[in-house]
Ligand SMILES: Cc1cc2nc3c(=O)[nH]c(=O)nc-3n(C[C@H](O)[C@H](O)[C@H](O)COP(=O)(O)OP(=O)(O)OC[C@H]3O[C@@H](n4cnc5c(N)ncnc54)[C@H](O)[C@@H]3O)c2cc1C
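First, one chain by itself: the form predicted alone, in structure tokens.
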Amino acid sequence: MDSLTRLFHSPPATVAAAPPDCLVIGSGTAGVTAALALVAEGHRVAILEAGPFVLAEHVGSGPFAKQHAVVPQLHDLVRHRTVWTDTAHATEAAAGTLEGNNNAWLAVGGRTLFWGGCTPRFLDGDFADWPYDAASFRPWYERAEALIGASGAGVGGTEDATAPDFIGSSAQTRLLARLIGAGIQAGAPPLGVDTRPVRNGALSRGFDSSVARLLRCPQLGRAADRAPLTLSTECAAIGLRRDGSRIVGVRVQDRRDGSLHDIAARHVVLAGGAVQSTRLCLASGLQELDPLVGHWVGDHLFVQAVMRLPEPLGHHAAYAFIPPRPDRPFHVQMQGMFGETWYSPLDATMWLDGEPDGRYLLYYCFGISRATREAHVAVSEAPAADPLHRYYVVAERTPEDLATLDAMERFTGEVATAIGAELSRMQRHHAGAALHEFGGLRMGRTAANSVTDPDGRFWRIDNLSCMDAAIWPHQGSANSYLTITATALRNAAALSAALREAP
């Protein structure tokens, strides 16, 4: 990837010499979605990414999909360990004496290189604490689904809405029939996998990944050539320099040589993910302006299991999705067929390569966790070679969370019974393990109870916005990817309009 880096990398000094209209921090789906939307409206945009180029598309869309020994090594190129803990161990976390118990990734494309692909929407009721309702957000869901080429009927409301489900095997048909016969609503999962027909000069693109979308953009080039869209790789934003109510520069560390640079921009966009966007604000002292910065952090509840069927289902591919209900604040994903195995976040494509005689299903149940003000991101007091790693998250399970986890475990047993399977193994995971973080820069209708307005713009800083899940007051049980992408589309449209109106 060194050659690819040379084609597209813009040194931070070159970007600083010709300040962009918008400086976007992060190249995951939030950052790239926002950047491409802003460039399409005529704004000059520079993207900062702390990680290197390692892949030009999702790992499951290329030749590595079946390389089960190689995929974990790809993760290890760009992965580091993080700490989620409770109040009782916060002092140890601050001192840096706790071992990491979660993963985070720094790479061009971020987690979109490895994500699992499930793209359900939030339920309408999941927007109850948001500063806008589900109906107003629905058009952004439709645009996001069309953008990523989500599989299944109804995507985008266009002629491509006939895109088939990604998996439609005999095994899946039998699995769904057993669930439905037992009174459990289930169907094919919504997936961010492009299954549209190859026609009219267009190729289907497999898994969505922000790095692939970025590289397909014809405006992407180098700052030295005055390209409308530029990318600086291995360049970490380590501080926001503020003068009153404006960000006057972003302090950037070139991780190749350790050199420091200040880049100015008309507007700065945070899109590094909920935790990293919040960490940057804390490292920059923005909590002095707003004591809510860093608070109201959460993650999905996560119960995982393996189920053994008495006989193979007759095909190696099956994927069932059990949606949430208002009285059941969690959803289920079941994938197979395998020999006995256990989900690892270092092999997100495992379910693509099942075994024809497999009898095991991987089972994931994600539930709603209500954020509290006390749950927060904090900057570690311990020195670290990389300032991006100097943080920890403190999050307690509430009584409501524990009751939901109990219900998730009971339902897991009900599902196993419904499909005639033996529950081989089940685990209730700790906070942060779902890797669906949100909060830290909570949005709202007024500055009194939130950090940003409904469009992700900071109430107390004129030229700073956030496009990722850091602004969510809470989340539904659905995987985050689609809603992050839709949020970025919505907020980028609002920002573009504001930049046009401003002098």
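Just so it is clear, the structure is predicted and the values come from calculations on it, not from any experiment. Throughout, we count residues from 1 along the sequence that is shown.
Below: the form predicted in complex with this ligand, not depicted.
Annotated contact segment (heavy atom within 4.5 Å of this ligand in the predicted bound form): 115-123, selected among 91-99, 354-362, 284-292, 115-123. This ligand in the predicted bound form comes within 4.5 Å of no heavy atom belonging to residue 321. Although the partner is absent here, residue 34 lies well away from this ligand in the predicted bound form, with no heavy atom inside 4.5 Å. Contact annotation for residue 411: none of its heavy atoms lies within 4.5 Å of this ligand in the predicted bound form. In the predicted bound form, residue 269 stays away from this ligand, with no heavy atom inside 4.5 Å. With the partner omitted here, the residue from 317, 176, 307, 236 that has a non-hydrogen atom within 4.5 angstroms of this ligand in the predicted bound form is 236. This chain is drawn without this ligand; in the predicted bound form, the residue among 106, 229, 394, 211 with a heavy atom within 4.5 Å of it is 106.
Scanning 412-438 for heavy atoms within 4.5 Å of this ligand in the predicted bound form gives 435, 436 in sequence order.
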